[in-house]
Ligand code: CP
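First comes one chain, alone, set out as structure tokens in the form predicted on its own.
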């Protein structure tokens, strides 16, 4: 398909807003860029002299490093705007004099001087109000003509999802006929957004895989996300199922993705102004987590998947909690392939949305 339709578009709720065909195009371009990179090709003409603004409200290793390296490999520049070291952008009603600056003002300044803005926000910076970070990123997009890229919010992590689809395409050569399992796994920390699991049920169903979501009671995903999964599965003639058994989900799976996430029932509640009426109950969430410590991906559970099957994780993984060392360091683990593919996924997103010369 033509790539002109990508230019200037935001990458925020991409699992919903971009078509399956558009995802295929991004995957193909990322794989071409990766091949060229490994062959030593010069890609600096693609985004020569273009500027990417980065805004991390949360810590990052893979996302930050691969966006910064990626834009350089395409001939552009990364400018890291560190909230707290610069004036922290804030939504109306959440401003602090001389510490914050309203998003509408920040966005219109950056829109005149850069070529794209990428944002990561979830958890504490979003007051643990579910959807607050996603709405914050969309508020930037409202005031900007340049593309806005979601590097992970409290609802979605579409850059990770693209890297994971690239990895699956590399390993299996297809999406149809594969059983993909997104499973909750135990962690000692409750500071876990729903972004990865929600993106990693949406993207596989959109790409035509048979998807199973495994989670204990109380750790269900956003009903809106589930409805989209059912819609995509129906469109593709595939299946989407939910279960409260990790073992049942793993049986005969091609891909398993055990990852911890928080409980919607314990996040802060918001009123119509966007302010929390009820604080997040992280202690209650911790109790729920502790009741399900047996949700770990160990050798016994991994033996239930196909011999050709793979173990995936976005990293960082909580070793000894979400997964055993034996699994994550074992022959069926592809976690470092996923991490590597973040670079090429991000380059594909930037090249297409920023109007690169491909």
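Numbering follows the first chain given and starts at 1. Values in this document were obtained by computation on a predicted structure and should not be read as measured data.
The same protein also exists as the form predicted together with the ligand; that form is not shown, yet it is the one meant from here on.
Novice: Considering 43, 50, 62, 34, which brings a non-hydrogen atom within 4.5 Å of the ligand in the predicted bound form?
Specialist: Contact with the ligand in the predicted bound form is made by 62 alone.
Novice: Name the single residue among 305, 55, 26, 314 that comes within 4.5 Å of the ligand in the predicted bound form, judging by heavy atoms.
Specialist: None of the other options qualify; the answer is 314.
Novice: Quick check: do 120, 152 and 160 each get a heavy atom within 4.5 Å of the ligand in the predicted bound form?
Specialist: Spot residues vs the ligand: full contact, yes.
Novice: Please name which of the stretches 211 to 219, 247 to 255, 94 to 102, 152 to 160 has residues with heavy atoms lying within 4.5 Å of the ligand in the predicted bound form.
Specialist: Going through the listed ranges, the match is 152 to 160.
Novice: Even though the partner isn't displayed, in the predicted bound form is residue 342 close enough to the ligand, meaning a heavy atom within 4.5 Å?
Specialist: Yes - in the predicted bound form, heavy atoms of residue 342 and the ligand come within 4.5 Å of each other.
Novice: Mind listing which residues of 167 to 206 have a heavy atom within 4.5 Å of the ligand in the predicted bound form?
Specialist: Sequence-ordered list is empty.
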